[in-house]
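Here we start with a single chain on its own, the form predicted on its own, put down as structure tokens.
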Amino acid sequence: MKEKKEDRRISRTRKLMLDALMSLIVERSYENITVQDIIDRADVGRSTFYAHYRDKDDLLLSWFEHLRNLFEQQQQELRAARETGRDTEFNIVLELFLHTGRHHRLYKAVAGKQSGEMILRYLHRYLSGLLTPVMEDVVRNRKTRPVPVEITVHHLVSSLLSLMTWWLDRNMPYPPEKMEEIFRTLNRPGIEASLGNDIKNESRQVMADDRNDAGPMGFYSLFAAPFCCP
């Protein structure tokens, strides 16, 4: 019971500091916010802040904890789906666009040279680490691998983040669902080519299979759908 109370207290303290940072970001440039500003707004001590975070960048990146949890949940569902043959309703790319859309003011507020690059580097590193073992599993038994896994994953993640940045810069002219569809349309041929598949023949099969176009596997359908993997 004591541990649960302690966990709740820690969660509340972290939420206070994160909420303080989020409110400050809306008011001013992220680069102009100091740790002192954050602890003043959250009404916590400096020692309390540093007991939880190294600096304000560390606090900002904790904002993605919910997204990380969703991604980890998706990986668990994917493994279970492979074992049982059922579909999972989670879609990584759609979730990322939905998250970005819901918090677009904050994303745009931290899109300065330092903070924006930091977030993109963090997302690139995290998504690459998430997708690399999936892709390695797909190509494990393939005799031909025209493109190394590392390069394929780098291309996919870079494409996703570039598309997300374009979307934000233009004030989200399309809904998240459309952006997820555009991402799949643009990147499916590259996935096929990286796997050494006959793109022309495979594309006919994809067009005839509605499940692959709107399938709940979402981003992972690029790796795990029948058309791409023997």
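Being a predicted model, the structure only gives us computed values, none of them experimental. Note that residue numbering begins at 1 and tracks the sequence as displayed.
One more form of this protein should be noted, the form predicted together with the DNA, which is absent from this view; the next part is about it.
**Student:** Can you check whether D169 is within 4.5 Å of the DNA in the predicted complex, heavy atom basis?
**Tutor:** Output for D169 is no: heavy atoms all beyond 4.5 Å of the DNA.
**Student:** In the predicted complex, does S162 come within 4.5 Å of the DNA, counting heavy atoms only?
**Tutor:** No, S162 stays farther than 4.5 Å from the DNA in the predicted complex.
**Student:** Is there any non-hydrogen atom of I10 lying within 4.5 Å of the DNA in the predicted complex?
**Tutor:** I10: yes, in contact with the DNA in the predicted complex.
**Student:** Taking any heavy atom pair closer than or equal to 4.5 Å as contact, tell me whether K178 reaches the DNA in the predicted complex.
**Tutor:** No, K178 is distant from the partner.
**Student:** Heavy atoms within 4.5 Å of the DNA in the predicted complex is the criterion; list the residues of 149-163 that meet it.
**Tutor:** Nothing in this stretch is in contact.
**Student:** Do the C-alpha atoms of N32 and D169 sit closer or farther apart in the predicted complex than they do here, given a shift of 3 Å or more?
**Tutor:** Closer, not farther.
**Student:** Considering a change of 3 Å or more, are the Cα atoms of N32 and W166 closer or farther in the predicted complex than here?
**Tutor:** Residues converge in the predicted complex, at least 3 Å closer.
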